[in-house]
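Form predicted on its own, single chain, as structure tokens, below.
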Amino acid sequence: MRAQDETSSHLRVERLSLPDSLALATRGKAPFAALGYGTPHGVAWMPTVNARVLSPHGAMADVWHVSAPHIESGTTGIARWRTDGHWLLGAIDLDEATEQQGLAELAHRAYRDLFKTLDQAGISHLQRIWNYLPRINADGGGLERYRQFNLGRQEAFLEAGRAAFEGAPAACALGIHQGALSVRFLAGPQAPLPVENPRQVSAYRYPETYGPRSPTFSRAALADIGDGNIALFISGTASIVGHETVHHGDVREQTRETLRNLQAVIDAANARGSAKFSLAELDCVVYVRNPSDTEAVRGILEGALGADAPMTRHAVYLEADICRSDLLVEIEAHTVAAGQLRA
């Protein structure tokens, strides 16, 4: 791959409707990359989340732009990527039926090639990861499939000498009803600053009752994206206090608890530098286990933040299973604010 230029590149992200996202390409202004929600496959710079969109405004995309003029695309093993020499967005899709391997093996293989991609690109710092796996809560031959995924993922982190505990990147892992194991990843030139939630046990410190290997992610991460801006990437957040699920069977209370956790993460992030973030300004993806709960979840968000808040107006709602079968809703998000980080 091409070596990094001496001049830096800054990154920005905007949320657009699918027609507006695709129109960029027709005008000859295809962006660096995009992560699409409900978009069709086959757009080279827009890997897709294979989940049903529940939002009234339909399919959306988070579109990433870079300031560097040159963008290179390629593959490393099973990983597809685009880079400007400073930032890299990659996508991996592995179908179990085709590959004839178990989920732990596929997760290990996916992350092995993810790290090979970063090593070859010379862009070594993971900023954010999105994971989507079919039937996340199903039994996988004596071990829940999410726990199988955690086995393979953490093993790859350890083999690559990557931070699997303190310093792990922000991430989410959701269940889709069909399709391939899908991993999307953003990497950049500087290590992000991990952020934990004081209301929760760090996921990588969960007790063994949650599986033989703990989930490998930080609750959030702060990244200097250039041009005087700091990005806050918030991992999948749900109704968990300590390490236990709370408000079993009550989607409204789970949503309220999730908002309290998001606010706790934002408060922790605001203490790490001069950039100041707010809950109302988040661009979020809301994963709902039962589509019939969508309006109840939307009502809680609008009641807490107001119908005109950017978070409520731009939220993308997707049908997805959460990593625990007793969780009904999960929210992941990102936002950007001007400022600097403190070590």
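All values reported here derive from a predicted model rather than from experimental measurement. Quick note: we count residues from 1 along the sequence shown, nothing fancier.
Form predicted together with a small molecule: not shown, discussed below.
For this chain shown on its own, do A173, P215 and C323 all sit within 4.5 Å of the small molecule in the predicted bound form, going by heavy atoms?
Yes, the whole trio is in contact, each within 4.5 Å by some heavy atom.
Test of understanding: in the predicted bound form, would W87 fall inside 4.5 Å of the small molecule by heavy atoms?
Output for W87 is no: heavy atoms all beyond 4.5 Å of the small molecule.
Give a yes/no on whether G188 approaches the small molecule to within 4.5 Å in the predicted bound form, heavy atoms considered.
Close contact is absent here: in the predicted bound form, G188 is far from the small molecule, nothing within 4.5 Å, heavy atoms only.
Close approach of R153 to the small molecule in the predicted bound form, 4.5 Å, heavy atom:
Contact check for R153: yes, within 4.5 Å of the small molecule in the predicted bound form.
Check Y206 for me: does it contact the small molecule in the predicted bound form (non-hydrogen atoms, 4.5 angstroms)?
Taking the distances in the predicted bound form, the answer for Y206 is yes, it comes within 4.5 Å of the small molecule.
Candidate stretches 223-231, 71-79, 145-153, 87-95 - the one whose heavy atoms come within 4.5 Å of the small molecule in the predicted bound form
Going by heavy atoms within 4.5 Å, the stretch is 145-153.
Counting any non-hydrogen atom inside 4.5 Å, which residue from T83, N131, T117, T255 sits next to the small molecule in the predicted bound form?
Among T83, N131, T117, T255, a heavy atom within 4.5 Å of the small molecule in the predicted bound form occurs only for N131.
Interface residue in the predicted bound form among L262, I240, A180, A163, criterion: non-hydrogen atom within 4.5 angstroms of the small molecule
Spelling it out, the residue with a heavy atom inside the cut-off is I240.
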